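In structure tokens, one chain follows: the form predicted alone.
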């Protein structure tokens, strides 16, 4: 006997399916043109609720334009922007469940910390008691207790950045958009604030969409990263996936440092370099296809030129052109025939020390090679 599901059970299943499928932010086939310039080209992206997602890429790649379309500061030429399943369309920024933190914090210089954070609530005519309660909670959250009466000029750069974050969070946005908010800070403070930002995001549980051109920033803070170039989203993945398994030369080159060797696949897990030498590579490429081998400097090691190579390992011989001492590590630039490889290894007593002009071997495990077919 066939049982007809009740309207209630059907509605429950539908709502459960919606909960699974709904992303905090979803962009579908989004295009943005400025006259004859295409800033964003056919971009598809889903950011789950509670994720710290970073858009990473060089200046002019379209990442800030993408963020501005989510914020409502730009309207897509084509495509759809949805927040928690709701189409944003032409909805203005103040009617979207988002807040934006920019590189320039734009704090009101005549207002105290407390007044700056409360400003958005006052504009929304939030009750005074509710405003005081939420401002006090946010001040504690961003660790500005005891600084409530200070004005922006009495704060450090990091403290001003926390005020800007507090002002955005006090409005309880569903999504917080951040456009290079650490760019104005010095290196040490920026590195400290990276950890603070990630910790803050985990505490509040709000979805963060973060724009940066700084690879270290993205790797340090993100749950996932989307790498953009020339208006296109090239790859999305966890920091480890993006770093260890780049899909294109641009991604491999932009994330960290990478050596590239032109080669031709020989089948059976081998490739022939431009100078005719053969190296072992992960299998999978069709014989005769032109490929590029991407090698991270820290995956390579420098050894005395006469030292035999372990079975299965790759080893090429070259001359040290440059040696850079970095305290805990050493960087070598080694000239081979037609190419120079950069090698980075720990500076420990057990590691062979080489000098400029030395003839050395460069050794690596074939499994650490990324094969790019482009």
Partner chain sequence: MASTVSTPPTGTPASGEAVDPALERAAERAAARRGALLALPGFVYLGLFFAVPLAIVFVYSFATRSSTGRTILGEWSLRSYGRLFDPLVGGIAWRSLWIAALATAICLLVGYPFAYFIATRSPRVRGLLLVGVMIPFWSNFLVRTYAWRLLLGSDGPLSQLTDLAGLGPSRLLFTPTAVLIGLVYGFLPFMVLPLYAAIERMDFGLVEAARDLYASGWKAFRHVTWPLSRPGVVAGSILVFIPSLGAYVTPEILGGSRTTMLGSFIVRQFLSARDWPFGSSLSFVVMAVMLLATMVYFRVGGKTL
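Because the structure is predicted, anything quoted here is derived from the model rather than measured. In this text, the rigid core denotes the largest set of C-alpha atoms whose superposition between the two forms falls within 1.5 Å. Residue numbers count along the first chain shown, from 1.
One more form of this protein, predicted in complex with its partner chain, exists but is not displayed; see below.
Participant: Thinking of its partner chain in the predicted bound form, which stretch from 233-241, 96-104, 268-276, 291-299 has heavy atoms inside 4.5 Å of it?
Facilitator: It is 96-104 that comes within 4.5 Å of the partner.
Participant: Answer with yes or no whether residue 187 is in contact with its partner chain in the predicted bound form, where contact means some heavy atom within 4.5 Å.
Facilitator: Heavy-atom contact with its partner chain at 4.5 Å: absent for residue 187.
Participant: In the predicted bound form, does residue 254 have a heavy atom within 4.5 Å of its partner chain?
Facilitator: Answer no; every heavy atom of residue 254 is more than 4.5 Å from its partner chain in the predicted bound form.
Participant: Even though the partner isn't displayed, in the predicted bound form is residue 71 close enough to its partner chain, meaning a heavy atom within 4.5 Å?
Facilitator: Yes, contact at 4.5 Å.
Participant: Heavy atoms within 4.5 Å of its partner chain in the predicted bound form: does residue 127 have any?
Facilitator: No, residue 127 stays farther than 4.5 Å from its partner chain in the predicted bound form.
Participant: Name the residue from 285, 171, 222, 131 that puts a heavy atom within 4.5 Å of its partner chain in the predicted bound form.
Facilitator: Looking at 285, 171, 222, 131 one by one, just 171 meets the 4.5 Å heavy-atom criterion.
Participant: Which pick from 205, 146, 304, 92 sits with a heavy atom within 4.5 Å of its partner chain in the predicted bound form?
Facilitator: Comparing distances to its partner chain in the predicted bound form, the residue within 4.5 Å is 92.
Participant: Heavy atoms within 4.5 Å of its partner chain in the predicted bound form is the criterion; list the residues of 281-295 that meet it.
Facilitator: Read in sequence order, no residue approaches its partner chain (within 4.5 Å, in the predicted bound form).
Participant: Is it true that residue 151 shifts between this form and the one not shown by 2 Å or more at the Cα, once the core is aligned?
Facilitator: After core superposition, the C-alpha of residue 151 moves 2 Å or more between this form and the one not shown.
Participant: Would the C-alpha of residue 116 be classed as shifted by 2 Å or more between this form and the one not shown after rigid-core alignment?
Facilitator: Shift of 2 Å or more: yes.
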